[in-house]
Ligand SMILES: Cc1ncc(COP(=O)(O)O)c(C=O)c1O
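The chain below stands alone and is given in structure tokens; this is the form predicted alone.
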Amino acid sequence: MNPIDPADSAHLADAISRILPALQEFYRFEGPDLAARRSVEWKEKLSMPLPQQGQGLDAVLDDLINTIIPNGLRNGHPGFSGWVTTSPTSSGAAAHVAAAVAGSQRFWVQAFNYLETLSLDWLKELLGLPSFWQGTYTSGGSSANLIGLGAARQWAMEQMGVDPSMTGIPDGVRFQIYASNEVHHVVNRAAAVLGIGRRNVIGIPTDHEHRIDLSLLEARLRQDAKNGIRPLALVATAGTVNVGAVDPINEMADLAAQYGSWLHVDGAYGLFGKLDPRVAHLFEGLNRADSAAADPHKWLAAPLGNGVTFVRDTSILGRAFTLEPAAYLEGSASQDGVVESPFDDFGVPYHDFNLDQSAPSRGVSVWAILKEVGADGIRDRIINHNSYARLVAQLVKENPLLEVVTEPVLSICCFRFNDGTKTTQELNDLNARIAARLRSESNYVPSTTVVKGTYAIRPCYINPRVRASDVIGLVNRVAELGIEMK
């Protein structure tokens, strides 16, 4: 046997210190984004057969500094307003590094386990959720919604005297999930994974404000009830990714109570929008929901891989996701209740509320962000970003060459170039080319969408580095390109 493992554990500080200048340089976002255009070059440098003999830590650090970091993803650039993503700020990133080293598991009696709980409590207070709700961190909105709907499945079938986590879905029973046709497709995937089926997610058309049409939802619930179809859950989207609309949560809570359904709120993007007093009324009824999902890696700018689910009833969540005791796991902890070692107890057992047994501490990044800027800092960020979307709408309305496609509700404003001389298809094609040109120039990078057949440029402001000048510059550049390219 060779008693010395070749992996280095003695020079962590030196290794991190060496890459820090490259990371700081990357975060300056200077010059054009050349990562895609020089992909042949950096792929050639990185491509090699599996090393049979290790090349050492220095070789790894050299590649990180010279090739990998400079060609990373610049979704933290101040001009980036695409999709619903951004890169982390300093406190969250530093906490993420700390967790990778010192909090590599979220359980046992140690500070990182405690910060899971403390940060979840802080999030509940920030969002105005009842303190008794159970929270659990996830890898993102996909798993956050899956966990919320998994709890819904547990609850719905327990009403029939069935424990689906133990015996599965009973034969001959059909459940459906009801949501607007603007619901994020991760809900459909959750239905597939849970055995409900994608086709049993019923997409209800939206009204003129892009919110679920309550009259159509009630009519469908009434008709399905007559046909013996049970509602597993109603899903209210608190911030659609297309246009930022917020479904009428309170009214959906009324329907959920009337038809005996679970109410889940998908707030992966928009739940933090509740902090803006101008739109807080749109979230009325959130406290009546049975579960809610949010993504700290969006508006809080936590490191990617940070979602959260809150469920009203801890016991339902536990029955849906419990691992059940194992001799090597719980059986190896202290049997007399005396805790003298971190490994004598598992702390709060988040592995019984989640998909993962082993998982990193995610709460420490949320804790760091909230400790750094406080509730007021996050509230100001939300208000600023929602104001940026309203600034887009104002500037577009002042320019006769531009047109607002959807009025902003949260931090999204869809608009397009339209000089009044082209057909719908010609306008769609032109705006697609404008968006491609923007991405190529890399100074302003929004995403795009289609709203009722209209191709729109879609800035979404969740990036903490964005400035008013970036908002103004984007609108002006779209107008300039439209003239140039028409």
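All residue numbers are counted from 1 along the displayed sequence. Please read all numbers here as calculations on a predicted model, not as lab measurements.
The same protein also has a form predicted in complex with the ligand, omitted here; what follows describes it.
This chain lacks the partner; the member of 179, 389, 241, 221 within 4.5 angstroms of the ligand in the predicted complex by a non-hydrogen atom is 241. This chain is displayed alone, yet in the predicted complex one of 342, 349, 140, 285 has a heavy atom within 4.5 Å of the ligand; that residue is 140. A residue is said to contact a partner when one of its heavy atoms sits within 4.5 Å of a partner heavy atom; residue 279 fails this definition for the ligand in the predicted complex, lying far away. Taking non-hydrogen atoms only, residue 232 never approaches the ligand to within 4.5 angstroms in the predicted complex. The ligand in the predicted complex comes within 4.5 Å of no heavy atom belonging to residue 204.
Shown alone here, residue 84 lies within 4.5 Å of the ligand in the predicted complex, counting heavy atoms only. Remark: of stretches 161-169, 246-254, 378-386, 267-275, the one touching the ligand in the predicted complex is 267-275 (heavy atom within 4.5 Å). Taking the partner from elsewhere, every residue among 186, 237 and 297 has a non-hydrogen atom within 4.5 angstroms of the ligand in the predicted complex.
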